[in-house]
Structures are given as structure tokens and as C-alpha cells.
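Given next, in C-alpha cells, is a single chain: the form predicted alone.
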């Protein structure tokens, strides 16, 4: 069985390593440190950890203040609370002055599962992507998460890192290199391309393998950096295929699908099918049952590729 790790677990471990390397790293949490996995950082560096209580707006304001004094704050809570409850503080106190705050949000998407629709952030990428000065990252596994956390710490300015609760297959090894603003081609094909991030990258790889059995050759692109988006790589890929499919554990409005659609429309128009939540909220259920219900599966991606190719006349 392939090794699995939740991206939130990798985040917790990365923070401890980062804290050892850089004394200016501080962590703030909104009374969810066991769930966001910042608890170990709190034990290791208690003088650099602040439990702000269930007060996300205050947490973001405090993080902004710490950034003005030279600290590199990681503000952690569930994605729905970070981007929803504290939006004004992120907008006006962090993004507008371009402060060096890292918003590390866990429990994103419908794979939060039984917590239900109120806790399943399905619009967080769209919200953060719309903010000037904000960098938006959606890592696909534990290896990429660790590298994304280190890259975020080195990056000057606000960063939103979207992570999840569900254990995901480990896709990358120690030779993998993550870079903000760059996409990675995981598989090359000639017929269509699937552009995915987060939970959907492993599923996209499975779909590409299934399509290969049918004689359909598919490129798979991991677009962990949603903003800045790698326009160059997507354009090069688009020129080599006949159609594109996007795959995200997020509403198709305003997230990865929209970013890809914008680039294709401006650079190299091609038939496009966006796989994600179709303008709907989630519901309570087991993670894989929810992925099935909302069409975030290998089978749906296979169907979407065929649909996109039919639009291209293939």
C-alpha cells in the first residue's frame, strides 16, 4: 500500500523544522492546535506560540502586528474560519499593506467529511485569489506541503496555504522541488491535459492511467501555485493537446478552473471542462463518499476528458 499523509500533518512537522532554522517564526492558532497540528510547535517553542482563542479576526490582526516587528507569523485555523470570519482583517490589515503573514488553513474542502457544509470551505481559494498581493498555494501531498511551508516562509508578503484533513497518497520524493509560481508536469500526453491540485492530483494520475488503457494519452499538471499562476507552462501544455480538464476540491467558480480558463482564453483557446463542486455546498458524510457524490473521482475525470475531446472534434 502506498504511503499516505494528511497535508495538515506535514504542516505540523514542517513548522517544527522551520522553527529550529529561523527564530523569527511564530505561530498563532485559534484554539484548534490539535486539529491544525500546531500543538507540537507549541510544545517545542512555547515562547513563540500564541493561542488566540476562538477569535480569528483578532488572530489575523495580531499576526499583522507581529509581521511589522520583523516576525514571520503563521496564523492557523480551519479554512472556513480563516477566509470567512476574518476576511476583512486579512484584506485590510494583511493584504493591503502587504505584510509578511502566512495564513496556514487546514480542513479545507469537502473531505473534512462529517463536520458538514458549515465547516467545508469550498470557496476559500476564490476569496484569497481575488486579493491583491496574496499568494495562494494548494499542495498535493505531504512532501509538497513541507516545501510549500518553507517557500512561504522565505517569500516576502502574504501567503495563503490550503491544507486538508484527509490522508493523501505521497506522490513526490526527496528529489521533488516546489517553487511558488511554477506548475509541475507529472505525466506527458498528446491528446488532453488534466490540471489539478490538492486532493485531486492523485486522482488525476489514476484517471490518466485508466485513459491510457483506452488509448487516450493525457498530460497531468500539478498546479499547486494557484496565484501566481504558471501561465507559461499551461500555454506550452495547451499547444501540445486538443483539450483541457481542471480538477479541484473547490467550487468551479473562482478557483483553479477559473485561473486555467482565464489563461486559455487569453493565450491559447481550447475546449475546457471544469471538474469541481458545481455551485453547491457540501454536506455531512464520509470523505470518499462525498468525493463520489460530488463527482471528484477518477471515473468523472475520465468522462470529463472524453467530453472535452468531443468538443474538440476528437
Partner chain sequence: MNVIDLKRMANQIRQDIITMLVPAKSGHPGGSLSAADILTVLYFQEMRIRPDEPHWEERDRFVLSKGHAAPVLYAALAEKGYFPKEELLGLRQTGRMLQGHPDMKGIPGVDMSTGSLGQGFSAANGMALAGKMDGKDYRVYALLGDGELAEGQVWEAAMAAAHFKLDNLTAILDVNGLQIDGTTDEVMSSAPLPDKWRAFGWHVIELDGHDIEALLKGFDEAHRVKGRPTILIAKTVKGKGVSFMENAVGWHGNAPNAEQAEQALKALREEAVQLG
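Just so it is clear, the structure is predicted and the values come from calculations on it, not from any experiment. Residue numbers count along the first chain shown, from 1.
Unshown form predicted in complex with the partner chain; subsequent notes refer to it.
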Legend entry - Contact flag, residue 134 vs the partner chain in the predicted bound form, heavy atom cut 4.5 Å: no
Legend entry - Contact flag, residue 92 vs the partner chain in the predicted bound form, heavy atom cut 4.5 Å: yes
Inset, instruction - Find out whether any non-hydrogen atom of residue 265 is located within 4.5 angstroms of the partner chain in the predicted bound form, and reply yes or no. - result: no
Inset, instruction - Would you check, heavy atoms only and a 4.5 Å threshold, whether residue 98 touches the partner chain in the predicted bound form? - result: yes
Legend entry - Proximity to the partner chain in the predicted bound form, single hit among 52, 39, 253, 270 (heavy atom within 4.5 Å): 52
Inset, instruction - Find the only residue in 88, 232, 179, 214 having a heavy atom within 4.5 Å of the partner chain in the predicted bound form. - result: 88
Legend entry - Listed range touching the partner chain, judged in the predicted bound form by heavy atoms within 4.5 Å, from 283 to 291, 241 to 249, 31 to 39, 59 to 67: 59 to 67
